[in-house]
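Taking the form predicted alone, here's one chain by itself in structure tokens.
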């Protein structure tokens, strides 16, 4: 039991440790991605509960982040502890495609909150992480 408790405490501390030492634009984007992860969990719960009004409002917040996300990746903004791969800047067009896909999916969710729109939104996050995150 103690081992499980310790493991849980350790895992819950990992995100804050991962952000330790981050500053400036890197810290901003890491914080925004952490916030988005929590918003996605909340969004799923709202959809399951049938609260489409709250889900739409939350999805609008995610869509707003999606609109400004590329601005948080200026050149030479990849010092540790950033988890971004250099491929973002080496394949800017590809990165912009997945960023635009995220924005499109978030806007669709905001316009029509549903589990049918949740899957593409989550898929857009995964597509970017698979290609552009450590």
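The structure displayed is predicted, hence computed values, not measured ones. Numbering follows the first chain given and starts at 1.
If you look for the form predicted in complex with a small molecule, you will not find it shown, but the lines that follow are about it.
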* Which residue among 47, 58, 69, 109 has a heavy atom within 4.5 angstroms of the small molecule in the predicted bound form? -> 69
* Looking in the predicted bound form, any heavy atom of residue 104 within 4.5 Å of the small molecule? -> no
* Asked: Does at least one non-hydrogen atom of residue 54 fall within 4.5 angstroms of the small molecule in the predicted bound form?
  -> no
* Answer yes if any heavy atom of residue 99 is within 4.5 Å of a heavy atom of the small molecule in the predicted bound form; otherwise answer no. => yes
* Asked: Applying a 4.5 Å heavy atom distance criterion, does residue 83 contact the small molecule in the predicted bound form?
  -> yes
